[in-house]
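Take a look at this single chain, the form predicted alone, given in structure tokens.
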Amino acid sequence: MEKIIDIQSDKKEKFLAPFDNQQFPVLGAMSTLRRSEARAALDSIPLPHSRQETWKYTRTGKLINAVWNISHKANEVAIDDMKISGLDCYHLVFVNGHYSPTLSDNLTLETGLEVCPMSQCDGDKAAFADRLIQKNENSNAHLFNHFNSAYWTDGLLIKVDANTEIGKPIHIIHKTVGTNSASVFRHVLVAEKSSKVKVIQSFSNGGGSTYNNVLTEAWVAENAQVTIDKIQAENAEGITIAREDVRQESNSTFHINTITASGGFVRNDLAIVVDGENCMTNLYAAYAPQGKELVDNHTVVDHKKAHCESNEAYKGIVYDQATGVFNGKVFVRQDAQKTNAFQQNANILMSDSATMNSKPELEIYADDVKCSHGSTTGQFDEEAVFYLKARGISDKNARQMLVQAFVGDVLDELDDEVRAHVGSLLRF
């Protein structure tokens, strides 16, 4: 046993070593303390393994065993293919983990909106961001969450003033290039009382193997509305671990659409704390891994107050020898009476070698609630395929039509321009 522990310790030390020697932004005492606490936690947390419930179906050897490089220089790269045709939005670009001013729009965007790269925050903005950097104490926090807290190099502070509706979406583009390049981001989004904002996050890579670790903390104040579209389209050498930590206050709405079009290893963690009455929380996702890709979605929605509603709809089409994972958990605390919580995971396996592991969960401590969850995984309805083929539609087109219809209710949550862009990325 001691020998196994020593081997695991050596692996972790080699994995962390390239990151320990970096220079990191300093916002203030709180975020510095969080870095220190997270780094200490990394020493005590074991590497993910199959006996841990959160990693039961997900192997991380490809990530842990690689030696990663952090680029301190943002090389200018082509990002036109990541822009969304026809969408009028603000573009803020990160290359290899660092903000690129030449590829981004002017940071003075519109009245009531403050945007600042975390690496450039000073004065009041640095103090504000410093207060909001949180400690990862959520129920599904794991080694890679603490990794982000210890090693983030850049990100955005986005603050929307009270009673302000931002007229255009904020499109954050993450581009990672080079061999064994690692990018670690930390975004902080604050939507103050009665504000409204939409954020789009896009991920793409090029060249050799890449690793993105991104954490987005969203504070949704009373009566505020926040929407996030997350678009992941990386090649088979891309590894992404993304997490959203969200806190909702009374009468607020949080909506996230996660579209995983491609990526060798993709892990999405969502932790939503509903800490006010009359809140609405919507989590929608579509994923289509092919080859030997893996897409792992873990969600936690924690209802703490009464009269709230949450909806989850995760739909996957798994091809070839790819693997899908869904683990969704809804807590309904004792004080969260009159809660409506609905959770659904549906999947289609496109080959006999495709794998899907699904585990929806409810943990309810209140007695006046309406909650349901469900999971279905199966193959195509061949009768439906035959019906379309009998009307002159080819086998390929028939299956494509059925797949598009299957995920259509998820894609309908997107704006028209975003849906068209996503449609060009999904490989049906």
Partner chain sequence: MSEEDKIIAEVTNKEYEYGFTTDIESDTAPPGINDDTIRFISAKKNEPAWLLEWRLQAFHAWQEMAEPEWAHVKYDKPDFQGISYYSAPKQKKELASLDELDPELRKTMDKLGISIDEQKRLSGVAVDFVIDSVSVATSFKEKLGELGIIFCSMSDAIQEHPELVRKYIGSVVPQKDNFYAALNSAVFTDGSFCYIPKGVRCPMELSTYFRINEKGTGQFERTLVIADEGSYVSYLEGCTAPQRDENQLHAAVVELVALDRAEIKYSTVQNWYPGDSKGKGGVFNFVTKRGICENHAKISWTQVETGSAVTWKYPSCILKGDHSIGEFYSVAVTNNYQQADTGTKMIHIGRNTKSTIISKGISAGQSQNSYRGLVQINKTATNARNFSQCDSLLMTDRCGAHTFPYIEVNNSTAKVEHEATTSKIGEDQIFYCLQRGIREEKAIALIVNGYAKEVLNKLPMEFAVEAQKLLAISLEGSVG
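From a predicted model like this one, the values you see are computed outputs, not experimental measurements. Numbering follows the first chain given and starts at 1.
Absent from the display: the form predicted together with the partner chain. The rest refers to it.
Give me the residue from 354, 215, 118, 286 that has a heavy atom within 4.5 Å of the partner chain in the predicted bound form. The residue in contact is 354.
Please pick, from 46, 61, 378, 28, the one residue with any non-hydrogen atom lying within 4.5 angstroms of the partner chain in the predicted bound form. Exactly one listed residue reaches within 4.5 Å, namely 378.
Want to guess which of 384-392, 53-61, 38-46, 397-405 is within 4.5 Å of the partner chain in the predicted bound form, heavy atoms only? That would be stretch 53-61.
Between the partner chain and 329, 369 and 374, in the predicted bound form, does every residue show a non-hydrogen atom at 4.5 Å or closer? Yes: each residue has a heavy atom within 4.5 Å of the partner.
Although the partner chain is absent from this view, report whether residue 349 comes within 4.5 Å of it in the predicted bound form, heavy atoms only. Output for residue 349 is yes: heavy atoms within 4.5 Å of the partner chain.
The partner chain contact at residue 359 in the predicted bound form, heavy atom, 4.5 Å: Contact with the partner chain, yes.
Contact with the partner chain in the predicted bound form for residue 70, defined as at least one heavy atom pair within 4.5 Å: yes or no? Outside the cut-off, so no.
In the predicted bound form, is there a heavy atom of the partner chain that lies within 4.5 Å of any heavy atom of residue 334, even though the partner is absent here? Yes, residue 334 sits close enough to the partner chain in the predicted bound form that at least one of its heavy atoms falls within 4.5 Å.
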